[in-house]
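Shown below, as structure tokens, is a lone chain in the form predicted on its own; questions about how it binds or moves come after it.
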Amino acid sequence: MFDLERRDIKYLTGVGPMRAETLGKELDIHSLRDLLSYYPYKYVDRSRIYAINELDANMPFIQIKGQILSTETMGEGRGKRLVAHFSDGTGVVDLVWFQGIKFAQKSLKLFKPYIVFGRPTVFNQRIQVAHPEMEAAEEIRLSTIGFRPFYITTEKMKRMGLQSNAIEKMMHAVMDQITEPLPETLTPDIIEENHLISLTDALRHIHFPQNTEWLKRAELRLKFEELFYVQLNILRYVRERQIHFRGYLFNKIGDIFNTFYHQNLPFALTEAQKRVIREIRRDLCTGKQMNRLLQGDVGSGKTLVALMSMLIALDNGYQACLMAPTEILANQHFDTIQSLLFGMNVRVELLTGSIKGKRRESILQGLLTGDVQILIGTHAVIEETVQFHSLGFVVIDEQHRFGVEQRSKLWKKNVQPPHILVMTATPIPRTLAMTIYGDLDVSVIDQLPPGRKPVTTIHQYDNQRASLFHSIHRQLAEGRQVYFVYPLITESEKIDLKNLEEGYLHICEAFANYKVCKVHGKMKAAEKDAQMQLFVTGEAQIMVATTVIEVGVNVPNASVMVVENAERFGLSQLHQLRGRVGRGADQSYCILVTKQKLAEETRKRLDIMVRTNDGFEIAEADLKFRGPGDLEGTQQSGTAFDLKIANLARDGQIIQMAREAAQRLMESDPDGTSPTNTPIWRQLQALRKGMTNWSAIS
């Protein structure tokens, strides 16, 4: 059997040790299997020959058949070039070489039939093709060319002669060695149910498709397989976790929860909040460890839901803990929760890096004895010196700010892992949640509390600044506060953006009667906190900042958010920034300031922001515009394998197919013992090799 995994790339024709080393370093290609998994980024149709009189300069690529009538060199020094006049009887084009002139002169033969391939341009009203690919016409059978693959290559690779056409030749060499079908990585049932082609056909047609139909079928097979193993890996994780970790049973709703609900609840819960609390309550009664993701826009009342869930833990004799990514956010949660629990006999403490000495000792002692019932803190919470009496419930705010490794330390704080509730204000599209957070159950708060007005979003051009400043003066005169957000901290030579430092001086001049504070990511933490505090307390009326304020400060009095160079921000980021205003009862505004000349796609993005406040609609649109990127740190949560061909933004339907197939397999063969599925479990094991086993962690 032909084993692609074990065949070292260096033994392939045209590779050798030096090129093999370059491929390993640049693309992580070591075996023939790695090479075949390096897919083309585009294809050019080579099945058609054009007549020269059909050509125009708007065509991306052309292929013509004819002969060279004459050649001449033109220009001097750097401008020297070789021009060959090429004809097929219907017209003449110029083939031009600026480099390798001597080599071209030697190898070109007059009146010999060639097939020429390249990109047409117009020079002096004649069509020309620079540095064309040329092959003797008799050596090419057009019917076998089909689509020509193009591969991305790095500068180092090019220096080793590993351009796209060299990769293409290597692919041909591997394909020539595959004389019998490769071993399948999916079962016949899965292949049949999902109308997939064989692995051998898929690999052959992804590199050398005969037509678009075969290309589509190859893409479907390879995307499905990639996503199927991601989903299977997640489902396997969930099962392993359920087998190995029991959860604490919280079957009691007691005095603490009831007192809060009947006496301290500041306003009636929305239906969405009630639904989520019921979902969490159900989890806590099962005896299985909860891992739940709570999504909700800024201001939808996630903290209240988290607090009420923590109170259930307290009623059952356990401690609870809330982890936030920054000191400011931790302080904010502490103030909010203390005020919500006012008058109740519940000890809440705050633990951050800046809390030291006797106060810290007292908190640590209280945690050990169980006197401290709720701990709110930053990364300081996971230090080894922090030990709990009985930690049963953990809330993690803005989860992507914490690495998996950091979160795993929470699990060692008790005999069994505590229940985990992860909160995020970044709405995550369904297909992405299914993949990135596929091992978590998802709850969504999709309602704003009564009395909250949606933020009005306006798009303005930077030549309308006078009227913008006039409106801001009016808001400030009414006692409101204002944010100005900039994309950069210092001036970039490459990108002509108004930078924060310049903007700060300009705003200080324009609003001389008001105090302006400044916050950016390069400042020391203490300096940043001091500046933020000026704004939080109302001492400063204007804050000039970079996106460090995207997650964090809650200032109900801030009613205007001005985003400079808004075209530089992604939709989800703009939505997060907009969430900083509209936290009080007053009407709030988000002003997106851009230059007048905008790309069509940018204009569409800004139109979406102006039209809707729905975080999920915005997240879906952002995913389509920008692709998934490293949203939420994909590598953190069981999406352990790099996606080489599937695209989480565009392949939602295939993700759904793959998820269903993986679920059916897990239901029919939960322990992985069926001989039919051996190839699948073997492949999963191969893919999981070398991974840290975070199977127990959300």
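All residue numbers are counted from 1 along the displayed sequence. Values in this document were obtained by computation on a predicted structure and should not be read as measured data.
There is also a form predicted together with a small molecule; it is not shown, and the following applies to it.
This chain lacks the partner; the member of K518, R583, R241, R217 within 4.5 angstroms of the small molecule in the predicted complex by a non-hydrogen atom is R583. A single residue from the set G89, G77, P188, P450 has any heavy atom within 4.5 angstroms of the small molecule in the predicted complex; that residue is P450. In the predicted complex, D297 approaches the small molecule with a heavy atom inside 4.5 Å.
Though the partner is left out of this view, F342 does not reach within 4.5 Å of the small molecule in the predicted complex, counting heavy atoms only. In the predicted complex, the small molecule stays beyond 4.5 Å of every heavy atom belonging to P120. Heavy atoms of R605 never reach within 4.5 Å of the small molecule in the predicted complex, leaving it off the interface.
Stretch-level contact check against the small molecule in the predicted complex with heavy atoms at 4.5 Å: of 519-527, 204-212, 268-276, 470-478, the positive one is 268-276.
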